[in-house]
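Quick setup: one chain, the form predicted on its own, written in structure tokens, and binding and motion questions come after.
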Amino acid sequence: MSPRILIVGGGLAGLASAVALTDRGFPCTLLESRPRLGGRASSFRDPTSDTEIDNCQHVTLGCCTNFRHFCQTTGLADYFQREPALFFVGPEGKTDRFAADPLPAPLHLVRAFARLSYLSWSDKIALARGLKALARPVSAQDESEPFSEWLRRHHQTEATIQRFWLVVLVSALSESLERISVGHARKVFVDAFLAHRDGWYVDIPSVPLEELYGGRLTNWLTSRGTEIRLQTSVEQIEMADDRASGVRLASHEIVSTDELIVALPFFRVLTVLPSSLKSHPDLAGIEQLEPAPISSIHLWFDRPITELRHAVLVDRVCQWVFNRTAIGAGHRPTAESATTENNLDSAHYYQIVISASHHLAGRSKDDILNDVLIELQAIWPATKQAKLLHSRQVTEHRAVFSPVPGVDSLRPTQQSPVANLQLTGDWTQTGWPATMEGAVRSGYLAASNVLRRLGQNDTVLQSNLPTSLLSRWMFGL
């Protein structure tokens, strides 16, 4: 008789566990309280434009080996587009193309860094020294201080701090430099820029996330025997003889299980745990995890404001601009469903991302929109002639956990103190910050624990990209 495996939570971590187990012949039952899958990586329908829009633009990097494996296994990889270059728009409006040369890491990006026009040569020399220092193992002193202090201790210039380190890390970790640990900063730069020549590549989904996870992935799972129950809220884990015997739903239904994976966000997981576990020392750090917000501004214009598919903005409130019309060609609303007055059927749709958006709290949407438009007009004058047909602002207030110094000591492993209960989510111990890669890694690790309990020692977690020989020699990676 097949074991009953229950997964609570349909975000990326829960989905990754379901994929890993289903792919190995162990279909599951997945319970999700919301009407859609994907968790924080999901879409919703905007009624004015009559289109599915993502709550925030999600991208993945070449170094995200487990997320790529997840997509390749389920057939989702075909719906991601690799960007051959990044485009950085400096404070004066000049656009710099950032792309790799056909050289081994870390030489592949030397010319790309050298071409950044908004940094002086003294800035670039300081930057090179800073990257070399960051490649070294993190010391106890390093990990006890915020990354802003590390930068000053390593003689980084104000320009490199504001125009390079801040630009990359706020986008990657959604926190200020004063609230980022040195270890998490090192992870971003080593894996993405220094270790392997493919680590920096950006892949962008070409369809709304709902189509990925709510459509294609749902079909992949259900066609292989996994049951998905949406709008099914879990209130409590049921225990019997020191093991998790099932869950009690808000409807008072009891769903029994042999193996339980709880894939809830860190700010909700304690509400479903039995009282005996809430105070367990292995889980005591969960309550101390802090959230960080990400905001996105969705804009529909009557004409294009730039032909770039994306842009990274330097020294601006806006951090990334994604040209969703260019990226998702064929996914605009039809003329029949669009609003005649605004002509949204032919509108040009852009999404602006503002990570670590604490500073927007308390501001009106009109004020925020005005600031965004002023910045876009300063960079692309065509924005001044364009008519704004529609806008939508979305803030995920608890988008990620803050990667503050010492945060990794607060993150529990996937194996809970109860043998048949796994905890998964990007906030658990993964070796990664709060990213789609971190979420999938946690799901794979939880699935591996279940498989071992079922007598299978199959390797689920994928290896990192191999470190180049030159990077090993130069940095000791």
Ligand SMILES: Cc1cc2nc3c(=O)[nH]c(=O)nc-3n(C[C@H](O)[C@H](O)[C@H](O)COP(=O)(O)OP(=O)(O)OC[C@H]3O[C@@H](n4cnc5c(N)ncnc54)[C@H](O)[C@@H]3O)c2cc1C
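Just count from 1 along the sequence shown to find any residue number. Source: prediction; values computed, not measured.
One more form of this protein exists, namely the form predicted in complex with this ligand; it is left out here, but the text below deals with it.
**Q** Give a yes/no on whether I297 approaches this ligand to within 4.5 Å in the model of the complex, heavy atoms considered.
**A** No, I297 is distant from the partner.
**Q** Does the 4.5 Å heavy atom contact test between L76 and this ligand in the model of the complex come out positive?
**A** The answer is no: L76 has no heavy atom within 4.5 Å of this ligand.
**Q** Does any heavy atom of L445 come within 4.5 Å of a heavy atom of this ligand in the model of the complex?
**A** Result no; L445 lies far from this ligand in the model of the complex.
**Q** Is there any non-hydrogen atom of T435 lying within 4.5 Å of this ligand in the model of the complex?
**A** Judged by the heavy-atom cut-off of 4.5 Å, T435 is in contact with this ligand in the model of the complex.
**Q** So this ligand isn't shown here. In the model of the complex, which residue out of D371, E83, D302, E396 has a non-hydrogen atom within 4.5 Å of it?
**A** Exactly one residue meets the criterion: E396.
**Q** In the model of the complex, which of the listed residues (N55, Q415, T65, T51) lies with a heavy atom within 4.5 Å of this ligand?
**A** Contact residue from the list: N55.
**Q** Is this ligand in the model of the complex close enough to G10, V234 and A439 that every residue in that trio has a heavy atom within 4.5 angstroms of it?
**A** Every residue of the candidate spot has a heavy atom within 4.5 Å of this ligand in the model of the complex.
**Q** Okay, which stretch from 27-35, 407-415, 43-51, 446-454 lines this ligand in the model of the complex, with non-hydrogen atoms inside 4.5 Å?
**A** In short, 27-35.
**Q** Enumerate the residues of 399-426 that have a non-hydrogen atom within 4.5 Å of this ligand in the model of the complex, in sequence order, or give none.
**A** A399, V400, G425, D426, in sequence order.
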